[in-house]
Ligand SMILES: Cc1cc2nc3c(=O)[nH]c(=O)nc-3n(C[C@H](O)[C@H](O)[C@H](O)COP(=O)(O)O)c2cc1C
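In C-alpha cells, one chain follows: the form predicted alone.
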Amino acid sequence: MDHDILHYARKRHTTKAYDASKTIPDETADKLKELLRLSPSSTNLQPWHFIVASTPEGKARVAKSTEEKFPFNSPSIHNASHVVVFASKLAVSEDFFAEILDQEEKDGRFDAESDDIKTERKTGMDGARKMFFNIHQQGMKDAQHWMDKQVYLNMGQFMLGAAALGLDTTPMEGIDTAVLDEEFGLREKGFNSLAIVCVGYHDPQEDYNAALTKSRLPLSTILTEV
C-alpha cells in the first residue's frame, strides 16, 4: 500500500534495539546506497564519503568507536543489519572541483543547442560553486562547518528514505570519531567522521521507543507564516 510522505515521517523513530536475525536484502541495500549518492548539497559540492558495514567484521570495526566512551551504543551497531559512517571532506582542491564539473558534463547538465551556450553554462556553474565555497572559506571562515552541514542534510534524507523502504534507523553521535578516523584511515584520505546511522529491523520486544507517542513542538511554536 502506498503512503504519503507524512506517513513515513510520523512512523520513523530512533530505534533502540535491533533484531539481529534480520538482514536487509541486497536489492534494498543498493537503494540505500543510491539514497546516499542522490542527496542534495549546496552547489552540488557533495563533500562526503561513506563507509557501509554489513558484515560482523565490518560492524565490529565501527563498534570500536563506542567501546570505551559509549558502550551503551555498541549493541545497536552489532545487531543492525547495516551501519553507515558519514564523513565530511577536510578540504576542497581544484582537482575535486574539476571532478564534479566533469561528472556534471557527463550527466548532461550543460547540454545545449550550441557549444557556446554549453561552455557558458559549464563556466557559470564552476564559477558559482567556487564563489560560494570561497565565501565560507575566505569570508566566513567556516568552510569545514559548512561542509559538515551538507553531510547532515544527506543524513536526514537517508533516514526518511530508509523509513519509506520499511527500514528502521538510529542516528548516532555517541561515537569516538577519532577512533573511527584512525580505524578507517579517513584523515589520510581527506575526511573526518561525523556520525553513524544504524539501519535494519527493530526488535519489537526490546525497542521501547517504537511504542512511544512521537512528541514534537506544535506548529504555532516553530512556524511563522508571512
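Here the structure is a predicted model, which means the values were calculated and not measured. For every residue, the number given is its place in the sequence shown, counted from 1.
Omitted here: the form predicted together with the named molecule. The next part is about that form.
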{"query": "Contact residue in the predicted bound form, from 152, 132, 97, 110 (heavy atom within 4.5 Å of the named molecule)", "finding": "152"}
{"query": "161, 58, 190, 174 - the one with a heavy atom within 4.5 Å of the named molecule in the predicted bound form", "finding": "174"}
{"query": "The named molecule contact at residue 73 in the predicted bound form, heavy atom, 4.5 Å", "finding": "yes"}
{"query": "Touches the named molecule in the predicted bound form: residue 22 (any heavy atom, 4.5 Å)", "finding": "no"}
{"query": "Within 4.5 Å of the named molecule in the predicted bound form: residues from 17 to 47 (heavy atom criterion)", "finding": "none"}
